[in-house]
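We begin with a single chain expressed as structure tokens, specifically the form predicted on its own.
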């Protein structure tokens, strides 16, 4: 197939599908760093004209990394529903985009078709969409999951209670945790990023967070975001664990840089189903983010959107309870400013849902990138309109351990009120029983962490 078009009297030619996909991508500093970005806006539009005519089968037959040399490719390709794929294989990406956005196409239809897709197809159609297209397309798709409560139901917005502490102080973490609970944050998970990744420290935090859950009969799950091997060690030793967490990449080489493999994730998944305390059946939590493969020299010459889509294809293997893109955490080398972070967040959320995984987003930024709290709030509003499953809940939106800026406990409360959304139903009933919420709105008791110290 010839990848060429003439635009404004100039001929644009692209030597292969890899180059074409990179040139069609929205401006990203990481793609420019890798030499994959379009040189001009006109070249980008020309690439999209050509990409819109590419049939889905061509992307199936040209994965970013060959099947024989990459286990992520094998996971994605082997999971394709061949019956569905054969129904859609001759669709062009442009026709696929029009079908996704058509009024007559609903979420159930999209969920069925997603079974016949590969990550490269999903990334390709995302490149043809505007920000509003990504919001509208994602809003059609609901992907729910159950661990100790239910994530992703229509009309809900959940929040991960993230009470991180720079020294892993149990007292400091517990105080921030109670503040988050008082605002209705925690139905996604009580998820703590440990400063100390040792088994002893992780086990101590698992015991502490589980103790709070049991003492207050909270319908949620805990998770300590250490390396998955450490969590597995603690789980085998009897530590009360709700979710197993791991950051993942879109290539085997990228995952090796994280110290993981498909075999290790398979082992963790089997262990979680046997020993995690919630009812399940979903026990896995994955985090991703555009640029991680490039930072590890594991992108194989492909652009950030394609490699990110492959993360979601890998995560789907494990029936995850939640997946989220930590979209602004990686820094300006890969996403330079607020506009690029916002675009990536919308792409990631759309691609995850089109893959069929329950997607949230850490709408965040680091202090050396050209972004601010207003821009992150803008992204959170857009993602709420797109049907995002959950956001982070960080005290005052300022993470004292990870040293980055994110969404706060009260941001999720505001977004629920703005969009008439509710917490997870089991969690809302618990809040109502405590008197912290009534008819979907926080009461005058909310926002006061000392509430949990007076009973």
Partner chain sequence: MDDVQIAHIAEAVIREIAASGTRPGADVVPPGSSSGRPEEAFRAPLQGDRDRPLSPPWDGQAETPAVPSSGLSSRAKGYPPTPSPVGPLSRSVPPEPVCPAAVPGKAVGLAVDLPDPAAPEFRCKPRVADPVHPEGLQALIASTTARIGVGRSGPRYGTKPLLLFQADHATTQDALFREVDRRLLDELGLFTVQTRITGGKQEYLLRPDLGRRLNEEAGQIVGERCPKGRNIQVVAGDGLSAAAIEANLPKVLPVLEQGARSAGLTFGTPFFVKYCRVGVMNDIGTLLEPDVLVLLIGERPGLGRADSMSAYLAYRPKAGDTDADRDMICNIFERGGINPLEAGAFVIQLAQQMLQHRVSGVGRKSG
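None of these values were measured; they are calculated from a predicted model. Residue numbers count along the first chain shown, from 1.
The form predicted in complex with the partner chain exists for this protein as well; it is not shown, and the discussion that follows is about that form.
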item: Answer option from 381, 139, 80, 195, heavy atom within 4.5 Å of the partner chain in the predicted bound form; value: 195
item: The single option of 36, 413, 421, 52 touching the partner chain in the predicted bound form, heavy atom within 4.5 Å; value: 413
item: 4.5 Å heavy atom contact with the partner chain in the predicted bound form for all of 166, 169 and 451; value: yes
item: Answer range among 305-313, 329-337, 131-139, 101-109 for contact with the partner chain, defined in the predicted bound form as heavy atoms within 4.5 Å; value: 329-337
item: Contact of residue 42 with the partner chain in the predicted bound form (heavy atom, 4.5 Å); value: no
item: Residue 366 within 4.5 Å of the partner chain in the predicted bound form, heavy atoms; value: yes
item: Contact label in the predicted bound form: residue 76 to the partner chain, heavy atom within 4.5 Å; value: no
item: Partner contact for residue 176 in the predicted bound form: the partner chain, 4.5 angstroms, heavy atom; value: yes
item: Residues in 4-29 with any heavy atom within 4.5 Å of the partner chain in the predicted bound form; value: 29
